[in-house]
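Have a look below at one chain only, the form predicted on its own, in structure tokens format.
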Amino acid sequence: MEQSSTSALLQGTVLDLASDVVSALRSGDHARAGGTLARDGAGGNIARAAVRVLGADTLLPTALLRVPPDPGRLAVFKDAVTAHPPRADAAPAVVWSHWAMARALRRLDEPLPGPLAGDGDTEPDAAWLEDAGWQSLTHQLAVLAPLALPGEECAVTRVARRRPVDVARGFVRAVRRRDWQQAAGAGRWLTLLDGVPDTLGLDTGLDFVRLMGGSDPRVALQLEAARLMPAGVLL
């Protein structure tokens, strides 16, 4: 029962955190993104876990809109990065997610302790993604959607740039399967890629995803990112 209660609390905190980010992206005010982590109900462990689920997108308003991060949120974000490095046997997507979070802190000139302090230019291995089938590629890119930023340069973005047609196929598949979160994440990537087929009708597709799945804050976050992407400026 206790484990079930903790899981439900974590899920709720993730959704509230995503809602905060969406509000900040829509309003341009990062202060509106600090409420969830400041509440007493989001205790330290739950707050850090929720930040790790949302990843670098926790600070997305800063990356896209240049608004200063909420100090309380930044403190929890930094704690989540430093206190929970990926294990040696962690899945590649987990390693990349942690790398993206540490990179977000470095862009803010936030000091990182120990081994995190000096590996800013050392990317995790991406060979596992280069040969992935288009279905798996789209799934993994949706998981790593926080890396889909204007001007971002890393092995994952290079793989995505080489395979716009495969990502487009994955987007269509996700829509047909009503996997709105994957569709929104893939759509976010597609807004940044050259060579996306005109026949895809990306704008119409994203509008449909918003209509059908936009009530989920995690979906709405990706859609807001996609909407802002053409005007986004990477710090």
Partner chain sequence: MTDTRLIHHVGVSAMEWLWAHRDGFRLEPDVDPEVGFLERFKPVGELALICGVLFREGVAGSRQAQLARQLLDHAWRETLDGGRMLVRGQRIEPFSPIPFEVYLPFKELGHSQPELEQATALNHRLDSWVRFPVNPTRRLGLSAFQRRFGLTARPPEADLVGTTWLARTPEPWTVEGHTAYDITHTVFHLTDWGESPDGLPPRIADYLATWLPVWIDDWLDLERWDLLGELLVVDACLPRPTLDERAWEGFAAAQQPDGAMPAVRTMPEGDPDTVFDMVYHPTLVAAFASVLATSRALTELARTPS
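No experiment lies behind these values; they were computed from the predicted model shown. Positions refer to the first chain, counted from 1.
Below, we refer to the form predicted in complex with its partner chain, which is not included among the displayed structures.
Highlighted residues Val94, His98 and Arg106: none comes within 4.5 Å of its partner chain in the model of the complex, counting any heavy atom.
Here is the short version: of Val172, Ile46, Val53, Leu193, the single residue with a heavy atom within 4.5 Å of its partner chain in the model of the complex is Val172. Interface membership of Arg26, defined by any non-hydrogen atom within 4.5 Å of its partner chain in the model of the complex, is ruled out. Taking non-hydrogen atoms only, Arg177 approaches its partner chain to within 4.5 angstroms in the model of the complex. Proximity of Leu64 to its partner chain in the model of the complex falls outside the 4.5 Å heavy atom cutoff.
In the model of the complex, none of the heavy atoms of Pro68 sits within 4.5 Å of a heavy atom of its partner chain.
Residues of 185 to 211 that come within 4.5 Å of its partner chain in the model of the complex, judged by any heavy atom, are Pro197, Thr199, Leu200, Gly201, Thr204, Gly205, Phe208 in sequence order.
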